[in-house]
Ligand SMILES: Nc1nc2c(c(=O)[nH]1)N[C@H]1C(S)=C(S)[C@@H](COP(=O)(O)O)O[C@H]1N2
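What follows is one chain in structure tokens, specifically the form predicted on its own.
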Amino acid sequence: MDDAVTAEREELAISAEELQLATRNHGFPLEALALDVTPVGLHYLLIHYDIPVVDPAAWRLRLDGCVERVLSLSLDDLRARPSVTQEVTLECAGNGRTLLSPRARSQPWILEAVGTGSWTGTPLAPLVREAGLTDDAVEVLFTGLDRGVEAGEEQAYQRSLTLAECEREGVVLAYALNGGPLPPQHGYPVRLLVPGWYGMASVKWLDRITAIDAPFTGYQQARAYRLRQDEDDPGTPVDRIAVRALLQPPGVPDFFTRQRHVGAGTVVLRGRAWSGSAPITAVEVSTDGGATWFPAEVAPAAGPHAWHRFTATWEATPGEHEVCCRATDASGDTQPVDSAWNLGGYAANGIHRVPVTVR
């Protein structure tokens, strides 16, 4: 075996550590793109550390820091406040990273780190206003109860938002998912929900909200979740979800390879498209690997933060085909043919390719 083949096999191999992550952080089966709202058990999960065990009777959410009034709120206090229910599409920033080469050694997502839930919670902005930010507040820091070690340092999971982002409509403290209490793995009893941003911003198992007088420089903000070309590159922050479309796999799968099989004739292609920046305005489909494209029909989204359904009709002829899709949003962003490489494998939104055998 020559060195090039050996190097390629080593690059493709999944390590025991990555396999361990994959068994904890399950993905979304793409056939569930048929559903407007993802059932709780099918929604993707990324759990950085351990799932905290929380006593809801003893739990309190503290809001402090650069505020005029420190608040301490129980779960009942939050439920008693005005609430909103909204369908929100969440996607992990690392979705698609295994399709990049060389790939990042992390949770080995292919394309399945997504889901759309019906989330209920109380808006963040009125709560922050009630505490009263002082003039020296520049950001709001969110601290979860989950703790772990990264870069040799024990830490709680923490992320911050700008003051403007905290005021944005749709940013809520969520305590229910699909009509029931948050499951433990989704952040029970309360999590932050930041629509339009990749999932790392929606801190789970909230413990504390702190108004701070300088930009947050903790690990999850300053080192992780940044678009970098090498270890010395400070990079730029990962934030809004890049425009993407995914096909609901047509026909039936081969058990092991997941190769799709359909019968010749009229095939209806279906899928979902979304963007964290603007509504989807167009989806195109190709059945020849991207050589030619034709438009799909795009349905309105259920809300400003939810995915769109699209459909297209294909007259399938016997043989091997590669079916692809790509989306464009109202800001003019279109999915690239190939994802832009970066060290962490983030925001990899190249077009979705599905090999299909037509019988």
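Please read all numbers here as calculations on a predicted model, not as lab measurements. In case it trips you up, residue 1 is the first one in the sequence shown, and so on.
Keep in mind that the form predicted in complex with the ligand is missing from the display, and what follows is about it.
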query	finding
Contact of Y157 with the ligand in the model of the complex (heavy atom, 4.5 Å)	yes
Distance check, F216 to the ligand in the model of the complex, heavy atom within 4.5 Å	no
Any non-hydrogen atom of V37 within 4.5 angstroms of the ligand in the model of the complex	no
H305: touches the ligand in the model of the complex, heavy atom cutoff 4.5 angstroms	no
Contact check for P250, H321 and V323 against the ligand in the model of the complex, heavy atom at 4.5 Å	no
Residue (of L124, C92, L161, A245) lying close to the ligand in the model of the complex, criterion heavy atoms within 4.5 Å	C92
Option touching the ligand, based on a heavy atom within 4.5 Å in the model of the complex, out of G144, G170, P108, G196	G144
Contact segment among 284-292, 261-269, 203-211, 226-234, judged by heavy atoms lying within 4.5 Å of the ligand in the model of the complex	203-211
Partner contacts in the model of the complex for 172-188 (non-hydrogen atom within 4.5 angstroms of the ligand)	Q185, H186
